[in-house]
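Take a look at the structure tokens below, where one protein chain is shown in two forms, each on its own, as structure 1 and structure 2.
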Structure 1
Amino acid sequence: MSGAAPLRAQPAYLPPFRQSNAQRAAFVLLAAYALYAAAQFDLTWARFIIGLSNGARFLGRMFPPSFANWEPLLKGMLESLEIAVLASVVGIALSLPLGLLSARNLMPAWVTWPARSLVALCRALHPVIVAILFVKAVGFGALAGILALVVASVGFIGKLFAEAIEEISLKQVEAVRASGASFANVITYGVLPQVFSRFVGFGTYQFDSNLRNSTMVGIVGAGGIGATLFSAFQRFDYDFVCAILLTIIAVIVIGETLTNVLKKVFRA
């Protein structure tokens, strides 16, 4: 057709990651700051080589591992498992209503802001720091570890629950509302069926995380295998340290396998 506009020739190659000048400048500034930060910490190649030599001697003292003193190892590991289970159950139970209150597509702003602020506050500090605070408040032992991991669970799971609820389709929610259902039934039949499988995934991941963190909070006196590990380090009992670390790794692997099985069961 004579009046048709001529077709523009398409370039033969388009770069996959096109960057603006502002993005390039940001990358340059980030690289410059990284070099500046490295210079402030005396990061030298000679120091790295010395560290490798010291690490090799340390590993040599750890092997072969010794399981002769198995009673405190078993007791500490069982306590860590109990801490992780209790913290996960309580944390998830508290996170579900907080996640609902934080969802901006279900609640008004005057409800979501306080709920989101509480979730952000729980997420602001590392579990070890929170464990130190609870050790000062309730004393040494498993209670401090449970409370610390409950706070960590609420901070992490509460945020994920809220984000999952905000991504649901509101058509199913409106359909349940149109039937005259109460708010509880709207949540039960309109919201939870859309996010239940994701909730299971979040919960199993948090249990796995709490199982790992329960070994850390014990180092500051909050119960679990961490206290046994710290005591072994203080005695320079490095072959027992290796036995503890191998046990922790084995339990984490077993826990992850079980959580994967639970995911498949609930998604079936």
Structure 2
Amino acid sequence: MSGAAPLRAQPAYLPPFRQSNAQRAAFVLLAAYALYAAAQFDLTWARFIIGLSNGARFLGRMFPPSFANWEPLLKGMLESLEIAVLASVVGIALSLPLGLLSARNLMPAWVTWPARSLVALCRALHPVIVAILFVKAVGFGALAGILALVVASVGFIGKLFAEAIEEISLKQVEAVRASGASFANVITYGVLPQVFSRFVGFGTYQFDSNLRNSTMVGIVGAGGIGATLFSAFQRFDYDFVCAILLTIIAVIVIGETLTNVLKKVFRA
């Protein structure tokens, strides 16, 4: 150390809050792109006005919501719930070992590489697209929805589990290893306690997410309330649409409340 090192790399004063030319150019490009893309979308004033009047009529027909046709609503909603529950359970059960195998601090590269690829593959396609494929494979109905959401769950929480395990303190693991514990016991005592509450957090988050998606996969025939919703739209049965949407939102809100209780119990 020889006193204060001169900061020769920078000029003495930078103008405050100056933006670099590259940043400015990026913003100009973005704006130009937005204009160009908007033009492609046939975004005209006339269309906007027509849309507004359509929208007003549409809203008028949505209210008051009609629960007269409650039987398919209840049946579809229950099926959505069942899909979400089963997909979450199976998805989490598969994600635990996959997350462990993907953790680069505990496993050798020849194990993590295939596990990480599998998880990434599960994450690459939107659940609804996966649902389409499963509908073709196992036919219409809840099974396709469950399988699609299992894939989505593995893709999402498999990754989060692995990241959580990679962030643990290895000192605690070392101490358990030093006691002569077997690999399984090292995982149970050295690794799991460090990540358990985060796992509960991810698991409940995934359940919420599966619940939302289970109301959608029906649009492609994979069971649940989505099919009812889609056909109501196609029949212009908008007061029923409104009833379905209100029910979905209510169920999601209740689901989130329950998962918060769960997190409290496990101190996540």
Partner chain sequence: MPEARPEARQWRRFGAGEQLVRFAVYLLLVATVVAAGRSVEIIPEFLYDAPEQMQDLLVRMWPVDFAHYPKGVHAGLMETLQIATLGTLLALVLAVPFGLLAARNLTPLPPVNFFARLVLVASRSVNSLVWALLFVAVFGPGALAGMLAIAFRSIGFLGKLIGEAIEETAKGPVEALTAAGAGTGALIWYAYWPQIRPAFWSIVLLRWDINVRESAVLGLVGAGGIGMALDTALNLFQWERVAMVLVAIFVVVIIAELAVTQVRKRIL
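Because the structure is predicted, anything quoted here is derived from the model rather than measured. Whichever C-alpha set is largest while still superposing within 1.5 Å between the two forms counts as the rigid core. By convention here, residues take numbers in order along the sequence of structure 1, the first being 1.
- Query: Any idea which of the pair is the form predicted in complex with the partner chain?
  - Reply: Of the two forms shown, it is structure 2 that corresponds to the form predicted in complex with the partner chain, while structure 1 does not.
- Item | Rigid part versus rigid part between structure 1 and structure 2; hinge residue out of Trp110, Gln234, Ala184, Arg57 | So the residue sitting at the hinge would be Arg57.
- Query: Treating the chain as two rigid parts, how many degrees does the smaller one rotate relative to the bigger one between structure 1 and structure 2?
  - Reply: In whole degrees, the smaller rigid segment turns 10.
- Core superposed, what is the CA shift for Ala34 between structure 1 and structure 2, in angstrom? Rounded to one decimal, the shift is 4.3 Å.
- Query: Once you lay the two forms on top of each other by their rigid core, how far has the C-alpha of Leu52 moved between structure 1 and structure 2, in Å?
  - Reply: On core superposition, this C-alpha lies 3.2 Å from its counterpart.
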